[in-house]
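The chain that follows stands alone, in the form predicted alone, written as structure tokens.
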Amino acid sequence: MDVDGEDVSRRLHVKFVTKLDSPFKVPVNSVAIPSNVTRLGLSSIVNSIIQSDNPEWKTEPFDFLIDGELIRMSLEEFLLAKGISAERTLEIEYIRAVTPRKEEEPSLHDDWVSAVNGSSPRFILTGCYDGLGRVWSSAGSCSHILEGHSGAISSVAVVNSKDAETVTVATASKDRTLRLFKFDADESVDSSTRVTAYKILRGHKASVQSVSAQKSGDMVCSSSWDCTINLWNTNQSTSEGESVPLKKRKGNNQADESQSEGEAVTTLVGHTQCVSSVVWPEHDVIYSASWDHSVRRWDVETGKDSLNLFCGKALNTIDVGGEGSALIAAGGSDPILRVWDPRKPGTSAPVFQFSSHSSWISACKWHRSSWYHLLSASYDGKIMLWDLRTAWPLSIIETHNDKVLSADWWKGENVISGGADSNLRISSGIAIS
């Protein structure tokens, strides 16, 4: 088969292969294509081949790999850069492009959307500068409003939602406190139910910047401008160091909750400036990022840090995932997203650096079921989707018209984000192979 193109002076013989199921498969025959074809041209060729057998086929964007590496330049340039012979028949694997296929209607808040969390497939959790947390069952549909903070919410976390009738979530605020809330995510309501915290966590001496939950849901950790990380129990019953229930509130369309106060069980000390972000990926391990330019890994049992990486920049965000759930991604006060592999001994240098943003990085998140994919959000107003197999972003999402302050994956194929334009945005239909 010969495929026409602008440059007919040089042709390459290729075979297109895929792990995708029908109707995405094409016959494994040799095809002659122009050497100067780019990714978009390759996508057009594969779509044409599929459409020749299936006239009702709707065009689908594809990405392409040779020897496991994504093509992000012309085919000829790629072969030259990688030292691959053009004399043999090339085997090119194609996958569905990692890009949104739909943008949902924006969900407007009353102020900046500083935090989003998509870890539960049942709902989206947001935090806002108006001091309220919100629970969204879908775009534009707010089922619960979480109230009580006297300052902006800086971070939110889902504590326990899997197979539980009542969901527990945590919010962290610039008012120096954290609050724990319970609600029924599946209840059918005509208007937003207002929920009061069942527990207030006090102990930080400055704004609380980040909160993350232990996988069991028994504890949360928080980080603060006071340079510390605190660990807290999430149980409703009182224990030593915690007050008896304070009050019971029930108002118009408001959930009935007893309220108690909790003190930190443990404090991790070592950072010398604001601890901007924490994650709790394993039962006994916490990771933190700080404005003191360091990433640290903490042993929960001993309270000591077992890893200390310096990058020379104040850091805003951290996440752990990728291959073996072991790679550390972090971003901060420059446009570079850095990825470390702590399993590699004797080096503190990042194994990957992605530098397509034009301003500070505000958020980064690994995809929960992929070794390769992660996202970053920036004050440049963009969200970028990355694959470790190429240095260029797979897709750039530009749905916000101001700084992007927070971003996460939701239900595997959606990216959710919040920004200084006061909107929650949902970019859907993202195919992750």
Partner chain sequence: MTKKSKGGKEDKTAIETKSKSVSGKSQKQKKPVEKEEELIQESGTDSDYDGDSLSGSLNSDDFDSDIFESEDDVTQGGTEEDGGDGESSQDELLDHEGSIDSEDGDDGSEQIDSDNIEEEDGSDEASDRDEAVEESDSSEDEVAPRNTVGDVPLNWYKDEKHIGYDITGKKITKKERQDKLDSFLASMDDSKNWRKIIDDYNDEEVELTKEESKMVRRLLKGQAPHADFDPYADYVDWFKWTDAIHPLSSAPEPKRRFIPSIWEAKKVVKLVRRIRMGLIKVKKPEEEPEEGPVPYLLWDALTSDQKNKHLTYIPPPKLKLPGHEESYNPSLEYIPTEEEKASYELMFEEDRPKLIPTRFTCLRSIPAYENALKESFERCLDLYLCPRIRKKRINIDPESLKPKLPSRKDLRPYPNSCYLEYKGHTGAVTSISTDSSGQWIASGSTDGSVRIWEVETGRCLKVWQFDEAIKFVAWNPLSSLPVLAIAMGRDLFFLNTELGNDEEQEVIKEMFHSGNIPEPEASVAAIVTWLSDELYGGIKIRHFKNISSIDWHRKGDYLSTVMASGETRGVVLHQLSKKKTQRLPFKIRGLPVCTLFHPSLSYIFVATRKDVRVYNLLKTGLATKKLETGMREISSMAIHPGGDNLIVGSKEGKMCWFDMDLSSKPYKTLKNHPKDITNVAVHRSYPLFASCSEDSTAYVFHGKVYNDLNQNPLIVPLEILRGHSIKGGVLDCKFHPRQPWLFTAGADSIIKLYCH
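Keep in mind that what you see is a predicted model, and the values were worked out from it rather than measured. Residue numbers count along the first chain shown, from 1.
Not on display, but discussed next: the form predicted in complex with the partner chain.
For the three marked residues, Q209, K313 and D334, a heavy atom of each sits within 4.5 Å of the partner chain in the model of the complex.
Heavy atoms within 4.5 Å of the partner chain in the model of the complex are found in one stretch of 96 to 104, 141 to 149, 119 to 127, 271 to 279, which is 271 to 279. In the model of the complex, the partner chain sits within 4.5 Å of a heavy atom of Y379. Residue contact check for C227: one or more of its heavy atoms lie within 4.5 Å of the partner chain in the model of the complex. At a distance threshold of 4.5 angstroms between non-hydrogen atoms, K403 is in contact with the partner chain in the model of the complex.
For the chain shown alone, F183 is not a contact residue for the partner chain in the model of the complex, no non-hydrogen atom being within 4.5 angstroms. The contact residue chosen from W340, W360, W136, Y198 relative to the partner chain in the model of the complex is W360, the criterion being a non-hydrogen atom within 4.5 angstroms. In summary, among the residues E323, D111, D299, E77, the only one with a non-hydrogen atom within 4.5 Å of the partner chain in the model of the complex is D111. Taking the partner chain as positioned in the model of the complex, the residues of 167 to 183 that bring a heavy atom within 4.5 Å of it are, in sequence order, K174, R176.
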